[in-house]
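As structure tokens, one chain now follows by itself in the form predicted alone.
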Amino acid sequence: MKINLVEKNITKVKSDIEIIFVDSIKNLEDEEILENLGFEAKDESVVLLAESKKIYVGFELNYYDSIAIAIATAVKKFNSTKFKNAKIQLGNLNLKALVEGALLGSYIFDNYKSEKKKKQKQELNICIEKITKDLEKIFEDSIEISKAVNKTRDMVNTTPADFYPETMASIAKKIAKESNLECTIHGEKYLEKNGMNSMNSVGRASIHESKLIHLSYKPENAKKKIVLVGKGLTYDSGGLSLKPADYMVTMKSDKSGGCAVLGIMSVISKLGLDIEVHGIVGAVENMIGGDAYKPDDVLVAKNGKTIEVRNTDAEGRLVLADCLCYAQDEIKDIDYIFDYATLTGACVVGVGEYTTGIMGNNTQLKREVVASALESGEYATSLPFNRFLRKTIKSEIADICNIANTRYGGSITAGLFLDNFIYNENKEKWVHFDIAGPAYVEKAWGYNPHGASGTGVRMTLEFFKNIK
């Protein structure tokens, strides 16, 4: 769907249908009809009055989430009609929420449908009497951000037969070419030569070679240097600690962290931000076979730390460990390090399907990240480290275990494991994003469809925008 920002009074804009936001039906022209239809001015309430060519949609509060959900709800109703264009008055509504809600809410993934619904060309005109440079910038950026989120969704939704480490590397190269980024791809010989045995072991049993992907955006006179690290498990069987059958379904989503990093890198140059950004992804497939790594193995990570493997299904942290070390070895004078991973089911249990768990050593930085997430329309909350949980990942035979000796606090102990691979000079600069809950949900929610949501993209870009 195409969206236009139109500098005209809405009454002068010709359109097949008008979308009207409603926080109260009192004194509306169609008040009686709406009452008879049982319409309420609440989020996700919508009614189409075909004869009067109006879509009424409810919203409860004039803030990002409510506005984005409302426009997504209205657009879905609009898409179900044969009308070709719709209009809406911007008024005091949030433009960013309108644009992103419309584009994210109209997303469809039907690549594997044998019979696809014919997509008609539809347009949404957002009407305003005066377009300022600031509004135009918000409008253009919101379109690009929405494209990046939907690109991330497409990658995550693609099946493991069609999306494996080599595929991820090829997409990274394409993004680099389109966005004028530097791109380096390393294979397993590099991992072995450079002591990245933690990551290399995870992909050993797969027929697909593991890939370390490094994208770089380096504008002139960058005011900050940021590293993004993503878990790119293109499929996770659990390895020899094999997942139950039901838990293997949806494991194509275990690449969501890496896909979020690629999504962010695909748009960063288009937003014109004056920050240097490095995107690093560990693209690996965790399978079973004669060469699979095993429980009881002791792995040596890039920084020399030894890891006792007690569960091969705690593999994402092993990949991230080496990727974090690589980032800090190869990139100097870093201002922020963010890593993204569908790391633990414990995080979903703790904060629900829709919320990202934010962890790290810097309380103020975590607060800023959570604030950016909420401002962007994503949900996030901070989870605290503590010294007692740190003791639960100690090993009797190695430096550290890849799982804790307790079933409680699993998302935090996973974060504490990663902390062992953050160098002392970067401890206060690092934040871990556990996106296991919202990255992939098997039911539609708000303006997110069944499947991938593109979690991580908007909250990170919002943080970038607010960097001083």
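All residue numbers are counted from 1 along the displayed sequence. Just so it is clear, the model here is predicted, and its values are computed rather than measured.
Same protein, other form: the form predicted in complex with a small molecule, not shown, and the subject of what follows.
Using a 4.5 Å cutoff between non-hydrogen atoms, Thr342 counts as a contact of the small molecule in the predicted complex. A residue is said to contact a partner when one of its heavy atoms sits within 4.5 Å of a partner heavy atom; Met251 meets this definition for the small molecule in the predicted complex. In the predicted complex, none of the heavy atoms of Ile69 sits within 4.5 Å of a heavy atom of the small molecule. When contacts are judged by a 4.5 Å heavy atom cut-off, Lys243 counts as touching the small molecule in the predicted complex. The stretch in contact with the small molecule in the predicted complex, judged by heavy atoms within 4.5 Å, is 311-319, chosen from 191-199, 311-319, 277-285, 205-213. Checked against the small molecule in the predicted complex, the residues Leu48, Leu34, Leu418, Ile403 give one hit for a heavy atom within 4.5 Å, which is Ile403. Distance criterion of 4.5 Å from any heavy atom to the small molecule in the predicted complex singles out Ala346 from the list Cys127, Leu181, Ala292, Ala346.
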